[in-house]
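First structure 1, then structure 2: two forms of the same chain, each alone, as structure tokens.
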Structure 1
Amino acid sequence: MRFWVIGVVMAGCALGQPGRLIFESQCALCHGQTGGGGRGPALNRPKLDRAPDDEALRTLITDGRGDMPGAWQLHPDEVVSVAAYVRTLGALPQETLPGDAARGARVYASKGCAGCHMVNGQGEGFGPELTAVGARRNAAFLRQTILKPATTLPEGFLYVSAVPASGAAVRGIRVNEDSFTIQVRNAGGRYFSFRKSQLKSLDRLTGQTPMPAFEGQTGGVDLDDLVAYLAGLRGTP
């Protein structure tokens, strides 16, 4: 009977904020209860150098790094929720912005952004998910990315062009690479895995991004509105 009651109480908490519970029991020891740091670095920052995007964050949590042990005991779903919780620790305070977010949503739709980005389950493609972009990027960064995306590339981001010995060339974002193989995701979201020895050529398009620069196409009010829309996207991915 007593176990039953405990089970219900725990399930209740877990449904509310599973990521927080996992963080407090397994990460806070080194990173502090609210991510202020300790044996491990502070995590209450909008930008984490070793976890530039959510995929990198999840990999880091699972595999560990240096003095940080890998959380092999966590189920992939738990890794997703603790990663989402880590992002909330560094959520930026809301800024007051000149634009109109509702109009910005229409600019977003008309510029084809959803062809490469997901927001709240809508959209597709190989750009980063933007559901919570307003919590991890400030307005200046968002504005700069829209105008000149090549100037704000995250660490580790690499666009490549691979030409297999037989078959069509593939352009895409590097997902993984080791000495012998490379995995690439193309604009259609398809994964390719190549043995480097079987490639005719492999070009690293360093400093390039498939995201078009909207400088010259978007300015003034449209740009303010678009930035206001993105800054307001603070959901849980």
Structure 2
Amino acid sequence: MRFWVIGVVMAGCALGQPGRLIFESQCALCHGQTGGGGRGPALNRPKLDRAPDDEALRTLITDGRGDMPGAWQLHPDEVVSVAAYVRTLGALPQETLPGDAARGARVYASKGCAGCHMVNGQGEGFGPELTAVGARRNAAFLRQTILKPATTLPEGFLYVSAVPASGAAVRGIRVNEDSFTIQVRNAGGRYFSFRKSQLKSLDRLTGQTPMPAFEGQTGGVDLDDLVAYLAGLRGTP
């Protein structure tokens, strides 16, 4: 088995696609040839619940989980190749857009977007990471989010206002919550943990988001350019 895998990888290297060949020979039986799923879950999605980042995906491939066996026979470099290929299955195709991405980068900077978002390690992390947002979201979704961010909130997102019995109120994004406690992260990146019994009030701001709506503020060429810039953020090739 080990020699066969190495032979497949060597042949694949010549074609520049070792990850695809390993996936098709060892993973496609359960996940489908194009990652559409079968006995195993579909992988042709922008976000994988059990592998939110590349390190988690490589660990999942190596160690397995539940009914999925670990790929103990693969060299670490082969695991990296398979993980990289799996990520391409959920990447959206490039769209032809009217805007100019270079100008869009300047619009992004002028609107202060880096005050909440990170791109390639630059910016703040209160809002979602945008380094590869163009591989996960199409242009229509990006445009809608810029104009009316409250209409595209992800499932489970909740903005809250917690007022302790003593001290200042804290407004931020819910990180965790159970029957007795709630954890909140504010715009400055600081985490707060409260016992609910010790709060004066806890308001769940359902349907609200700290991101301002740019409808009526950004439009026309600037909006097209900003969408083009964000759609071009596709992470490391």
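Predicted, not measured: the structure shown is a model, and the values here were computed from it. By convention here, residues take numbers in order along the sequence of structure 1, the first being 1. So that the term is clear: the rigid core is the largest set of C-alpha atoms that superpose within 1.5 Å between two forms.
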Could you point me to the form predicted alone, 1 or 2?
2
Degrees turned by the smaller rigid body between structures 1 and 2, as judged from C-alpha superposition
41
Per-residue C-alpha deviation between structures 1 and 2 [residue 59; rigid core superposition; Å]:
12.9
Displacement in Å of the C-alpha of residue 39 between structures 1 and 2, rigid core kept as reference
2.6
